[in-house]
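This document starts with one chain, in the form predicted alone, laid out as structure tokens.
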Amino acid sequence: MNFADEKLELRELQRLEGHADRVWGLAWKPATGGDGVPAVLASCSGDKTVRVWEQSPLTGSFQCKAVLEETHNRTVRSCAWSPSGKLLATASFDATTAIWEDVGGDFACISTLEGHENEVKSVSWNASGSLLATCGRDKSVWIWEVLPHNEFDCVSVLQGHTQDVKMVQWHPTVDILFSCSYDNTIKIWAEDGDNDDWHCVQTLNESNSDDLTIKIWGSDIMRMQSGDGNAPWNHLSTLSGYHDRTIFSVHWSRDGIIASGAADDAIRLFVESEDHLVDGPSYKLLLKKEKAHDMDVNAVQWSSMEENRRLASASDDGTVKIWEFAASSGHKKPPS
């Protein structure tokens, strides 16, 4: 799609209801939503449950196929599918992370990871599915190794943040881990090749955590993939003035569209500008969706399938919404 030639819209396809409290997190199941495989989405909530939604191949609408309950006894703050889609990890304020196995649509809790002192706030799998990271209010980041027979072994506890760690996220192709904290820093962690220990290789601290901006960083990933050490991350661009309340979630689509969701109940979409600046890339606003939800937008998540531009959003209003980003039907810019 040539963004310059089309009139674009973020069209609401469906509103998913069922959670009895705010919805905190979302995760599309990998390798679903294309090639005839129905799309599957997980959502987690303050109601202590996780819901798994599946798209009907006949009607195209999403229906709740499973409710994962009675394992967590407090808010479920984060959920993440393993790259294979066979396992779902859920992080809870009850200080545990549960691992669920999907066997033909039936989910069973096969392992419970314990160790954090209190609330676990985020969970993330690495690209190969061999490692899992968790973080929490105890200011620590834990790295777990996935072993045979549904065993998980903590291989490192990373201390370095001075406040709650809000989120962990693995890089999509390289085994480096990012953690962000209420101490206003993002830390980047990598394994020491000599002794297999994990350590902080860089701290990004050029921002206030609630300055209503989105910052873009870049690095030499080819150098990392070649094994030639860790390349530094450099600040490339700042997007400011687009949300007027706290930005809770940003997510990059496979084709380079950044979605953001915030406490102003809005969703914004951005794309890299074609104006090539000497000092790095710049980004422009592609679309504004005011009142995307009735309350705060806590999470936005693009589908991983390239053949669709489907976005899911989760909100304090207790709902999940499915959106399609596409050209407005029948609208094209006239030739200039």
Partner chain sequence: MMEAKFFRFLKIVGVGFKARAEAEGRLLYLKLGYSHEVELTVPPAVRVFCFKNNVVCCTGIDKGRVHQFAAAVRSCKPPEVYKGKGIMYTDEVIKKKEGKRSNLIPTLHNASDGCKGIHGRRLPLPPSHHSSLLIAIKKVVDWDIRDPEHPYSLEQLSVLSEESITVDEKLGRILITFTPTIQHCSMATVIGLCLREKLKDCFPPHFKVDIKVAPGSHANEESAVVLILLYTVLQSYPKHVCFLSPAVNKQLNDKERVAAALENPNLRQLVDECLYSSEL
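Numbering follows the first chain given and starts at 1. Source: prediction; values computed, not measured.
Only in words, not in the display: the form predicted together with the partner chain, which the text now covers.
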For the three residues 24, 244 and 263, which mark the spot I'm curious about, does each lie within 4.5 Å of the partner chain in the model of the complex through at least one heavy atom? yes
Just to confirm the contact call: exactly one of 114-122, 141-149, 230-238, 81-89 touches the partner chain in the model of the complex at a 4.5 Å heavy atom cutoff, so which is it? 114-122
Heavy atoms within 4.5 Å of the partner chain in the model of the complex: does residue 198 have any? no
Does any part of residue 107 reach within 4.5 Å of the partner chain in the model of the complex? Heavy atoms only, please. no
May I ask you to check whether residue 93 falls inside a 4.5 Å heavy atom distance of the partner chain in the model of the complex? yes
Check whether residue 287 has any heavy atom within 4.5 Å of a heavy atom of the partner chain in the model of the complex, and answer yes or no. no
Name the residue from 213, 163, 169, 205 that puts a heavy atom within 4.5 Å of the partner chain in the model of the complex. 163
Using a 4.5 Å cut-off on heavy atoms, what residues in 65-96 are near the partner chain in the model of the complex? 74, 75, 77, 93
